[in-house]
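As a starting point, one isolated chain is supplied in structure tokens, in the form predicted alone.
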């Protein structure tokens, strides 16, 4: 069983500036993994030491810096948002009956669904307790609202699984909740820590929201167009699981009857052949569905960058301005 993989950071100025804070956040993860119940500690170590980009904690650290925050509560806040994110992944893997997560077996494959769902609940509860300990009611409000919207998005995602009639407007509402809400909460909560103005807090929420939408759209794209070894899962997994994502919805709305039929033949079919998947991918290229997905992500990324203009010019703000492009250009 592989554990304690190093987080996947990049050479962007953003991660360079956040490096010291991220190291402190990682150390705090290790402290909080301790439990008098060995199983809880085993699952925590497996999940929280299992790599990842740590994009959300980095967002917290950088937004706090950009707002001039000089305390240490950004460390705890970085831990909180990663706990919330990890809990959502645990529950997602159970719902999707996922086979891999970041190249490893997901928790439910190792310990079973019952223990995995309970551990996801444990992480949500721990994150709430930690947020209360920071002593700012507004911070708790921001984080609980983000978490509530995230869970609503997960429920809507399940409700519409395999729904070939799902339109792009409804899909965008789902990812607004499921993905963008926590990104928005990360940035906004950092502003709350720094006690910024209401205008700046709103701008930070907008920045986080739009970068979160861009992140999810690129995730949608990579499911069809990425190197599976870098992606950490099989290409076409979303299609096999019946998930309606931006490129698929675009294809169903714009493709020919033959192209739509090829997609429908693979939708929700765990045993879809490679030939079938290739035909769907070719249809997406022909209809511009992959390009449309990247273009939509790029629009949200640019909106995110523009939202930062209300913050004072600092190296941290400049580094934040690089994150949207990193999100759009990433390969996994």
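The model shown is predicted, which means the values in this text are computed figures rather than measured ones. Numbering follows the first chain given and starts at 1.
Here the subject shifts to the form predicted together with farnesyl diphosphate (FPP), a form of this protein not shown in this document.
Q) Can you check whether residue 124 is within 4.5 Å of farnesyl diphosphate (FPP) in the predicted complex, heavy atom basis? A) Residue 124: yes, in contact with farnesyl diphosphate (FPP) in the predicted complex.
Q) Does farnesyl diphosphate (FPP) get within 4.5 angstroms of any non-hydrogen atom of residue 160 in the predicted complex? A) Residue-level check for residue 160: no, no contact with farnesyl diphosphate (FPP).
Q) Taking the shortest heavy atom distance, is residue 151 within 4.5 Å of farnesyl diphosphate (FPP) in the predicted complex? A) Yes.
**Q.** Contact of residue 108 with farnesyl diphosphate (FPP) in the predicted complex (heavy atom, 4.5 Å)
**A.** Residue 108: no contact with farnesyl diphosphate (FPP) in the predicted complex.
(Q) For the interface check, one of 253-261, 189-197, 175-183, 72-80 should have non-hydrogen atoms within 4.5 Å of farnesyl diphosphate (FPP) in the predicted complex; which one? (A) Single hit among the candidates: 175-183.
**Q.** One residue of 87, 239, 205, 222 in contact with farnesyl diphosphate (FPP), assessed in the predicted complex (non-hydrogen atom, 4.5 angstroms)
**A.** For this set of options, the contacting one is 87.
**Q.** Whether 101, 147 and 243 all lie within 4.5 angstroms of farnesyl diphosphate (FPP) in the predicted complex by heavy atom
**A.** Each of the three qualifies.
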